[in-house]
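A single chain, nothing else alongside it, follows as C-alpha cells in the form predicted on its own.
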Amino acid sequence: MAITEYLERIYGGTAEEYARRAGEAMQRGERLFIVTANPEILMHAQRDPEVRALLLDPEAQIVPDGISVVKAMCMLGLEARERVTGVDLADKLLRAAGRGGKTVFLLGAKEEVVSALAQKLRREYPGVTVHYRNGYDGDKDQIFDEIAAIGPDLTLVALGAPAQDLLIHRRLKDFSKGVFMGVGGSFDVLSGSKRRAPAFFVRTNTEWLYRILREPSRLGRFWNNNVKFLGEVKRAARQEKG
C-alpha cells in the first residue's frame, strides 16, 4: 500500500489548535483516539497489516509527531503547518484535565517514573483524580479492564509504538468516552525524570540529532526509518507527478 494513504489522513493544522480541539473533546465527554505518527510507525504499517488497519481506521486521529512527517506531507502537496509532538500534546492534555478536575489514567514506564508523574499531577492540581500502573505490571488487557471500569477522561499509554497504539485500538470499543493517546517515553520527561532536548534543538526541529549525539546507537534506527521513509515519499511524489 502506498505510504501516501497514511499521510493523507494526518492532521495538517497547528499544534495549539489541535490541543485545544482535543481538550474540548475531553471536556465534552467524547471518545477520541490520537495517534502520534513518526516515520517509524508509518514504515511499520508498510509491513504490518494490523498497524496499517489502525492508521486507516476513521476512529484514529493522526498527528505529525516529527519534522520528517511534516516535510513528507509538504512534498506531496498536503497541508502541514507544523509538527504536533506527543510530549507537548500530552502535557497540554494533562494540564486541561487537571484544571477541569478530570480523571486520568497513566499506563506505562517504570514504577518510579509513572508514580512520580502521578504525584506531580496531584500536587499541582488537587481536583484531579489520577490512577496509574507501570509498564511492567501484569497483563495489559487485564489492566485495560480496570481502565474500562474506571472510565477516565484521559488515558495516556507509554508502552512504545506501535504496541501502545495497537492496544488502545483493540480496546477502544470498550469505552463510550475519553481521550486516548500513546505517548512513548513522554512520562520520563513529564515527570522530570529525564531532561528533554535543549530548547535550541526543539525550536529548530532537530531533537532527532540531539538524541543521536547522545546515543550514537540510534543512527541505524534513524537510517532504517527516517531516511528510508523520505525515500519512499520521494518515489510516491514522482509517481504522482508522472
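Here the structure is a predicted model, which is why all the values come from computation and not from measurement. The first residue of the shown sequence is 1; numbering continues from there.
There is another form of this protein, the form predicted in complex with a small molecule, and it is not shown here; the text below is about that form.
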| item | value |
| --- | --- |
| The small molecule in the predicted complex: contacting segment from 95 to 103, 135 to 143, 79 to 87, 148 to 156, heavy atom within 4.5 Å | 135 to 143 |
| Touches the small molecule in the predicted complex: E207 (any heavy atom, 4.5 Å) | no |
| Heavy atom of A161 within 4.5 Å of the small molecule in the predicted complex | yes |
| The small molecule contact in the predicted complex: K71, any heavy atom under 4.5 Å | no |
| Contact of A109 with the small molecule in the predicted complex (heavy atom, 4.5 Å) | yes |
